[in-house]
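Shown below, as structure tokens, is a lone chain in the form predicted on its own; questions about how it binds or moves come after it.
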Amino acid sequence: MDTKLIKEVTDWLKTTDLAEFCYEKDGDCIEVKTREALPEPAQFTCSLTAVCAPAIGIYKTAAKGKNLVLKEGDTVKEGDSLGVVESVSKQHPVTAPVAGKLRIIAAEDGKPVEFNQPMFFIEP
């Protein structure tokens, strides 16, 4: 394809309000898309605050000798205990970063969790 023709087409496209253009002649084809033609990435917003695992380990709803029962819909205060993650040599506390209602409990007692895995979602 003739580069002069490509330049002419792209210069012409800049003078229009078209977002994309396709030109075909004698088996040659040129397709030009401006930034406006590109799809916008999806934007998601969420009012829930994620509580993520502080370490790799086994999630326990409460430290040994304590009893803690959490249910979706429970009200929690900032700093409330949501359990612990037990690693090889340490217990890592899981606490509520904000006050609100527990909307989703994704962690199960006695099951492994990965570092930074969302375990709870709180609606402030």
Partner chain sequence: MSTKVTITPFKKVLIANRGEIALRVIRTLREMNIKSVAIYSEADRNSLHVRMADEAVCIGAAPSPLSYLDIDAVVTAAKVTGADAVHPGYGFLSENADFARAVTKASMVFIGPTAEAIDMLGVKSTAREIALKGGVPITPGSDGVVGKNYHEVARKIGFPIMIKAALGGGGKGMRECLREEDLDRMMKTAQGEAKANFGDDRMYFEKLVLNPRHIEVQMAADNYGNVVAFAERDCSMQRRHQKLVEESPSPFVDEATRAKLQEAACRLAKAANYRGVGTVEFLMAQNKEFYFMEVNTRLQVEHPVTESVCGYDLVKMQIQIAQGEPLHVTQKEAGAVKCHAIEHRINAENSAQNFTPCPGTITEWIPAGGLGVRVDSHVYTGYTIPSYYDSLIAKLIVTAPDREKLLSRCRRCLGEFKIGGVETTIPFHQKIVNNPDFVAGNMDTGLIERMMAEDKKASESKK
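Residue numbers count along the first chain shown, from 1. In this text the structure is predicted, and so the values were computed from the model without any measurement.
Another form exists, predicted together with its partner chain; not displayed. Remarks below refer to it.
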item: Partner contact for Ser87 in the model of the complex: its partner chain, 4.5 angstroms, heavy atom; value: yes
item: Partner contact for Ile56 in the model of the complex: its partner chain, 4.5 angstroms, heavy atom; value: yes
item: Contact test in the model of the complex: Glu114 vs its partner chain, heavy atoms, 4.5 Å; value: yes
item: Contact label in the model of the complex: His92 to its partner chain, heavy atom within 4.5 Å; value: yes
